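Given as structure tokens, the chain that follows is alone and in the form predicted alone.
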Amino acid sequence: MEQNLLELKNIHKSFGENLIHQGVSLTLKKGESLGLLGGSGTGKSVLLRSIIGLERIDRGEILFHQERIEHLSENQLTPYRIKMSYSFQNGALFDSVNVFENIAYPLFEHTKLSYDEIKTKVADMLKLIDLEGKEELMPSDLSGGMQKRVGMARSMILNPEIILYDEPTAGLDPANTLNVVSLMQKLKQKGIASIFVTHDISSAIMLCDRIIVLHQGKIIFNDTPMHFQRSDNPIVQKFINSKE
């Protein structure tokens, strides 16, 4: 039986009296894509940030390759953050440096590759995201969709096992949304697992193996896109009816 790559067990998280997660449990296998849906304020992004250690959970367990990581310090989390990459909603590019330096940053920080080897890796990544030859452009020269793709390229330059996508299609027009989802599909084909936080139901159905719905701090649905579309759960129905 295939082992879980990532497992969340009975996660609880609150901010003061605001209860965010009240017993969230899920699993992610190698190469699997999960779509994480929920209304605004249901803690979708907080869950991603908790997995990577940017938020600390109040109670529960987070296991990566069956090793508990929820209690680790910042320094102890570093090797896990190389294997589990976070793709920020806005791309989170460094404004003061060009595309090459943005994408290459994790390689300079975490590897001993030569400058020429790094140049080759960045060039290969730019081909993958359909921005070949754009190394010298600054973030201000890029459209919103391009910025997101460059941010995604930086998040995958170290060949992670999991990418945590925080609303990568938010605010994009249909053409740029298709470009971003196409890139996510390419990464899925390479065997990279993912959790895709989104309000974009159509993209989640297109990309994901399972759809998970968060509501009032709990998971109320966890099944295939086909069963999601056929569900008679009234909360799930609201999402389906809101699909663009």
Partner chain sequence: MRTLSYQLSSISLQLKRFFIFIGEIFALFFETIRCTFSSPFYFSRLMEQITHIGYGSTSITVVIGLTMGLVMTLNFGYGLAKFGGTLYVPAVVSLSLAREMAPLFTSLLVAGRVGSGIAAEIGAMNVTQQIDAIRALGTSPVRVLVVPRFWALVLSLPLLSALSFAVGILGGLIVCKTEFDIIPGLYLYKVFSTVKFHDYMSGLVKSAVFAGIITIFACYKGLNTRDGTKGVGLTTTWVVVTASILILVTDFFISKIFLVIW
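Note that the coordinates shown come from a computational prediction; the quantities given were computed from them, not determined experimentally. Numbering follows the first chain given and starts at 1.
Absent from the display: the form predicted together with the partner chain. The rest refers to it.
Undergrad: Hey, with the partner chain in the predicted bound form, do 149, 162 and 190 all fall inside the 4.5 Å heavy atom range?
TA: So, no: the whole triplet misses the partner chain.
Undergrad: Heavy atoms within 4.5 Å of the partner chain in the predicted bound form: which stretch in 141-149, 168-176, 123-131, 107-115 meets that?
TA: After filtering at 4.5 Å, what remains is 107-115.
Undergrad: Whether residue 136 contacts the partner chain in the predicted bound form should be assessed with a 4.5 Å heavy atom distance threshold; does it?
TA: Looking in the predicted bound form, residue contacts with the partner chain do not include residue 136, since no heavy atom lies within 4.5 Å.
Undergrad: Report whether the minimum heavy atom distance between residue 92 and the partner chain in the predicted bound form is within 4.5 Å.
TA: Within the cut-off, so yes.
Undergrad: I'd like to know if residue 49 sits close to the partner chain in the predicted bound form, meaning any non-hydrogen atom pair within 4.5 angstroms.
TA: Result yes; residue 49 sits at the interface with the partner chain in the predicted bound form.
Undergrad: Consider residue 54 of the chain shown here, and say whether it contacts the partner chain in the predicted bound form, taking contact as heavy atoms within 4.5 Å.
TA: Residue-level check for residue 54: yes, a contact with the partner chain.
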